[in-house]
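One chain follows as structure tokens, the form predicted alone.
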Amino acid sequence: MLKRYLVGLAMAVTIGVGGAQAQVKIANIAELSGAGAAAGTVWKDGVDLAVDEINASGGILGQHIELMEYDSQTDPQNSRAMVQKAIDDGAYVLLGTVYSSSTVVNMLVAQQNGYPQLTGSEAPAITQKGNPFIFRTAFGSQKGMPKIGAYLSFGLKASKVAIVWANTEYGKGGHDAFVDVTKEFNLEIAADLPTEQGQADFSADVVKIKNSGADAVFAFMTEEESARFLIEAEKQGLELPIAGDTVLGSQKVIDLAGAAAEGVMSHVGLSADAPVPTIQAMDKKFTERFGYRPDHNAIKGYIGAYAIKYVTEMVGEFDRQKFADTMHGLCLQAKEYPGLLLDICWDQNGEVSRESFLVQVTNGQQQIVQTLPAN
């Protein structure tokens, strides 16, 4: 009897019981200010929506979620401090960050402490470092590059491509993965233009592209930089087709760039316009609550919160090591786990596999051109 009491007491301490209603603490570390706020705030809203739904339906294993929020300020070292603070504050599992340059730094703290971390970051390196506690909520950018290369080569019949990319952990990962793909599809790189985080002036980059002889552009930057580039490209009359990965055709970039985003082609892992009933239902709830449509980051945050619920309930207890062990090699179907929105698998490195979409921006919205199989 004494042993049973002590086990129960330890469980109560682990999950942060307070008063009559036990609660499990989940930490969300996101870019709520700084250059990444456009991405981090929508991720936060997606998490908030999912957590409120989970609590309304009884929580996780009968415990309501106490969501603790931390602002990384889009600063890798501050994000590392916030992860440590979340651990010190008694979090069960961590959500975030979105920016890869922060995640590659702060995930080491989570790993050293044995804390599962569900991130929205897409840099290839994140799941290539052998960290058994990191898990994506969207696949890494390297998985989309073969699909973009095929579109440029076979769809656009392009032979020379100009690359404009963010010189950050996220951007470099995407750039390097795309360069590898150009070799596979015999695409010549006519211009290779790194840009800085928070860059405001893209006039010189657009001039270089116009003079490069390229017949298509591959753009790989974060939301605000992508929008600024598109606006400058339109201003200078750049008539080349512009393609990119999830961010370029995201709703946030469409909202920021306006008419300059028209015609952009993008391979996206998650889209509110996907012809998937579970995503359309989430889109409706999100839009009614926050007054704007969710982009891929909002959907990623939503999926992350539900993944914590489902995996914990599969484990049957709040055990971080068992949580991580269960996620490796796990495949879940949306018809049984609707909060995940799409069928999804995690491999032994925490990398994600699921369907994706080729979209074109038309009349200020993403138009799904093709649904692509998981790879």
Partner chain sequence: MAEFLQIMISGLAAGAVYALAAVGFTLLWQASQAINFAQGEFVMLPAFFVLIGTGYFGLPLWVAILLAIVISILVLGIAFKKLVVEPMLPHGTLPLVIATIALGLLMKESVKEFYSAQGQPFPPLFPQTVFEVFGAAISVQDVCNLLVSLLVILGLQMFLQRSRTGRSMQATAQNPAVAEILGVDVKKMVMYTFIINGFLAAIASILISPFYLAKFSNGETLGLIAFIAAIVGGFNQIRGALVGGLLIGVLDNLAAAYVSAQYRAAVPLILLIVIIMVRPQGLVGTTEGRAV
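On a predicted model such as this, the values are computed, not experimentally measured, just so you know. Residue numbers count along the first chain shown, from 1.
From this point on, the text means the form predicted in complex with the partner chain, which you will not see here.
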{"item": "Stretch in contact, per heavy atom within 4.5 angstroms of the partner chain in the predicted complex, of 192 to 200, 133 to 141, 113 to 121, 79 to 87", "value": "192 to 200"}
{"item": "Listed residue that, although the partner chain is not shown, lies within 4.5 Å of it in the predicted complex (heavy atoms), from Asp283, Glu169, Asp205, Asp215", "value": "Asp205"}
{"item": "Option touching the partner chain, based on a heavy atom within 4.5 Å in the predicted complex, out of Asn349, Thr41, Gln63, Thr326", "value": "Thr41"}
{"item": "Touches the partner chain in the predicted complex: Gly237 (any heavy atom, 4.5 Å)", "value": "yes"}
{"item": "Heavy atom of Lys210 within 4.5 Å of the partner chain in the predicted complex", "value": "yes"}
{"item": "Ala37: touches the partner chain in the predicted complex, heavy atom cutoff 4.5 angstroms", "value": "yes"}
{"item": "Contact label in the predicted complex: Asp273 to the partner chain, heavy atom within 4.5 Å", "value": "no"}
{"item": "Candidate spot Ala150, Asp343 and Leu358, all three touching the partner chain in the predicted complex (heavy atom, 4.5 Å)", "value": "no"}
